[in-house]
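First, one chain by itself: the form predicted alone, in structure tokens.
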């Protein structure tokens, strides 16, 4: 079925990144017609759902694998989320909660690495990040100390910017506060895109039963952003390695978030402990890395994966990249955690007791149904692995691939897209209002 309506912008993808752009365009621009297209029947049902991620608002203050530039950008981007909460009158809603956040270094190598990282820029960039003594650790997070061998050296840094976020609820809030603007906004749920290309006054996006016409389009579809970019003949040098992240859980043993030191440019976050924003009786431990044959949670899509990643060429690319970044040991260790019975013991000994030494085998269990899939961007020409998001642009089309910390950066990603499209299409983006509301002084 054809559609004669011409949208100013069509956003494909109803996770928190796509919803943040809908909110930004509807509240801070003079655009008239916007559509959000989502193949699922509801907003934020995949990686933005609270069961799919660690619910962390990333400022970069406990991510010791970040460069100074990435830490600075992440810090500024994350501040927009509490700004939105305040502007939208959502304080106390439970969607965003303050929580304690610590960085834990275990052993001489990690301690020395953390000290160098702190001296090089973290202590200067994050004024509220301070190293604390064992007495204070015992007071605020006693299970980090209880049962630990007295000969094992640790160092702990406490951050003042600890937040946990239900990103699914955040996405739904963005949508709600978009519809209330009086703009013409169409929510096209249960609409799976099967083709995309230029046509007419801009672009034509086709589903099984309709053709959607628009002046500009933004894909916020995770790995599928690269899929659609390749469909119009761009981003040929890019590929992905899809990584899944699962969790173990226990009864509540931590009062807040406890992150581990991440050495070098490791693209995978080290196993950390987190409270659950919607179930305060448990502590989650993860992520546990695995290599799925699909690119979205709960779906089996090896053919789509192959199209994005160059078919059989994915195998030698993955081998070279994993070797370059010395990732074989990490991947094999994490894969072992899925072995029935033995995997739980290996996870306990290798990961969990470094965070909570008193944990026993019977205390932890697999968090069934929890976890998500994250695309890691590979440049096949340079054989480099991007540990953050990727933005591809051609004309009035934008393709966002936003693994962690993409959710934390969602409003900053939206701001960047709004600036770019306003210049391309000639609409007004009221950045002053955006800053007043979301960057209050």
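Residue numbers count along the first chain shown, from 1. Since this is a predicted model, take the numbers as computed values, not measurements.
We do not show the form predicted in complex with a small molecule, though everything after this point is about it.
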| said: Against the small molecule in the model of the complex, would residue 70 count as a contact residue? Criterion: heavy atoms within 4.5 Å. | reply: no
| Would residue 372 count as touching the small molecule in the model of the complex under a 4.5 Å heavy atom rule? | yes
| said: Under a 4.5 Å heavy atom criterion, is residue 240 part of the interface with the small molecule in the model of the complex? | reply: no
| task | Although the small molecule is absent from this view, report whether residue 39 comes within 4.5 Å of it in the model of the complex, heavy atoms only. | result | yes
| said: Would all three of 17, 247 and 408 be in contact with the small molecule in the model of the complex, where contact means some heavy atom lies within 4.5 Å? | reply: yes
| message | To verify the annotation, which of these, 117, 157, 84, 228, has a non-hydrogen atom within 4.5 Å of the small molecule in the model of the complex? | response | 228
| message | Within 4.5 Å, heavy atoms only, which of 275, 202, 287, 162 is in contact with the small molecule in the model of the complex? | response | 287
| Among 332-340, 92-100, 230-238, 192-200, which stretch has residues whose heavy atoms lie within 4.5 Å of the small molecule in the model of the complex? | 192-200
